[in-house]
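A single chain, nothing else alongside it, follows as structure tokens in the form predicted alone.
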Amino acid sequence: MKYLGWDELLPGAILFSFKEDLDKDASYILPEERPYAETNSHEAYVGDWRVMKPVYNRDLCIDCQFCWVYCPDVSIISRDKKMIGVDYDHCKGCGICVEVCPTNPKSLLMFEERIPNEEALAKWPEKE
């Protein structure tokens, strides 16, 4: 398949999300089990677009799901209404998840991309 740039697509072009018709709503299928088509953005790694990344601290999370709801890239991974991590292959580091986090201190904070998550967790601020 030849990949086209956004300015090479013809007006009205259709890019299919899945390889086949789904028997049920895609939201009922775990993201890693969906039959994504080659044209789906899920198949494109965009993690290297980030300068800053959100780091998740499970000890502070109240599973409010605000980060999951507001993430424009569906990069917050949640199972059974519990936040379990960040999809760094697709997160572009916009920081909306951090902005909407209601905990004190926040359970998501932005760190420079080069800082390992373990080191970021060691630098987490105390409750104010």
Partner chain sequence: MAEKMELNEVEVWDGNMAASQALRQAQIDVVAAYPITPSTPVVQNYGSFLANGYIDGEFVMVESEHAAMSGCVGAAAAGGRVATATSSQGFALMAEVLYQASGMRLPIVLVVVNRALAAPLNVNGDHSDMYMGRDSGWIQLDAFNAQEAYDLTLMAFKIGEDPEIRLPVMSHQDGFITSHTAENVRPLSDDEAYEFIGEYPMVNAMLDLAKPVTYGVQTEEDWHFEHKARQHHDLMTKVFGKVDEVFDAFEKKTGRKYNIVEKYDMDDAEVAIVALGTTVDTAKYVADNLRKTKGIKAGVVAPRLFRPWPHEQMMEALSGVKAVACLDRSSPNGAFGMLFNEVSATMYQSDNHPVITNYIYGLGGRDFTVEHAEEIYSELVANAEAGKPTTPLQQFIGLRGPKLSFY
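Rigid core: the largest C-alpha set superposing within 1.5 Å between the two forms. Here the structure is a predicted model, which means the values were calculated and not measured. Residue numbers count along the first chain shown, from 1.
Here the subject shifts to the form predicted together with the partner chain, a form of this protein not shown in this document.
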Heavy atom distance at most 4.5 Å to the partner chain in the predicted bound form, all of L60, C64 and D73: no
Where, among 23 to 31, 75 to 83, 51 to 59, 97 to 105, do residues come within 4.5 Å of the partner chain in the predicted bound form by heavy atom distance? 23 to 31
Is D7 a contact residue for the partner chain in the predicted bound form, using a 4.5 Å heavy atom cut-off? yes
Verify the contact flag for N117: yes if a non-hydrogen atom of it lies within 4.5 Å of a non-hydrogen atom of the partner chain in the predicted bound form, no if not. no
With the partner chain taken in the predicted bound form, which residues across 109 to 128 come within 4.5 angstroms through any non-hydrogen atom? none
Once the two forms are fit on the core, has S17 moved its CA by at least 2 Å between the shown form and the other one? yes
Compare the position of the CA of V69 between the shown form and the other one after a rigid core fit and state whether the shift reaches 2 Å. no
Taking the rigid core as the frame, does A26 move its C-alpha by 2 Å or more between the shown form and the other one? yes
